[in-house]
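Take a look at this single chain, the form predicted on its own, given in structure tokens.
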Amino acid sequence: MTQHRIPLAGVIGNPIAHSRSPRLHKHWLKTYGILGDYVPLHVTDEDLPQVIATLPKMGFVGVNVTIPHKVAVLQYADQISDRATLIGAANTLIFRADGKVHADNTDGYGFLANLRQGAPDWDPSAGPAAVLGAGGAARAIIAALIEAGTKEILLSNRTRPKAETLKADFGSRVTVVDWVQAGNMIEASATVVNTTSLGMVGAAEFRVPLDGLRRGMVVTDLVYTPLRTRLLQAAEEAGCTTVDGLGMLLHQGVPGFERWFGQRPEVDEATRAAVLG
């Protein structure tokens, strides 16, 4: 009698107890009646290479990768997708049957899918996009916006050199704006994206002036604790179309789940409810 392995997946990070990914993937496994599991794995920097080498031997078909390992995992991958190469980070690893480790980045995909679901009339070419922050998430967002057809990206970060690095990597479509001018940058934009942790529970407040927000803009915040951040509340009051950050987490999980478990999951209200718990 052949013993089939139960496929396992998970999320590696440090810390990891806060992650909502297990709720998301367990919901999908249950919804589609798939025999499998998804677990949070607390992994330190020094243990990372050994963990990636060992997981496939334990029946893991892949993992999501979160802070602080998104850049480091690339050096342990046999194949890296074009978008992970462009972004310089991976959030999804696929352990293939032939023993190869494939690294991908689905953050940009999740961002665009969330925007299109939450703001169906969003037009990437309607005007400049204002991006706040210049970390790993910002790299994925800029790559996705350029791919979607946004002609100009106005980028502002509390430390300007990090923003200048992104401009050097992405070229002439990116214009760096000083952090003190971030309010004016928002006013000049059609799409506004906060990729910083400002406004998140436990983080510093979001203090950028928001009087430039106006009807017709699409505003999204990657922070999803709380769901309605100060930025989204102000945008709503100004008549903007707002898209919360939870949807990006849900949508970025779709490609990995499909590769690991062979079923493309739907992101619907039941999915949101399961993750919000």
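From 1 onward, residues are counted along the sequence shown. The structure displayed is predicted, hence computed values, not measured ones.
The form predicted together with a small molecule exists for this protein as well; it is not shown, and the discussion that follows is about that form.
Colleague: Among 22-30, 36-44, 49-57, 221-229, which stretch has residues whose heavy atoms lie within 4.5 Å of the small molecule in the predicted bound form?
Modeller: Stretch with heavy atoms near the partner: 221-229.
Colleague: Answer for residue 204 alone: is it within 4.5 Å of the small molecule in the predicted bound form, judged on heavy atom distances?
Modeller: Yes.
Colleague: Does the 4.5 Å heavy atom contact test between residue 235 and the small molecule in the predicted bound form come out positive?
Modeller: No.
Colleague: So, in the predicted bound form, is residue 191 in contact with the small molecule at a 4.5 angstroms heavy atom limit?
Modeller: Although the small molecule is absent here, residue 191 would stay clear of it in the predicted bound form, with no heavy atoms inside 4.5 Å.
Colleague: Using heavy atoms and a 4.5 Å limit, would one call residue 172 a contact residue for the small molecule in the predicted bound form?
Modeller: Flag for residue 172 set to no.
Colleague: Of 167, 100, 116, 158, which residue is found within 4.5 angstroms of the small molecule in the predicted bound form when only non-hydrogen atoms are counted?
Modeller: Contact residue from the list: 158.
Colleague: Give me the residue from 148, 86, 74, 200 that has a heavy atom within 4.5 Å of the small molecule in the predicted bound form.
Modeller: That would be 200.
Colleague: Are 136, 196 and 245 jointly within 4.5 Å of the small molecule in the predicted bound form, each by at least one heavy atom?
Modeller: Yes: each residue has a heavy atom within 4.5 Å of the partner.
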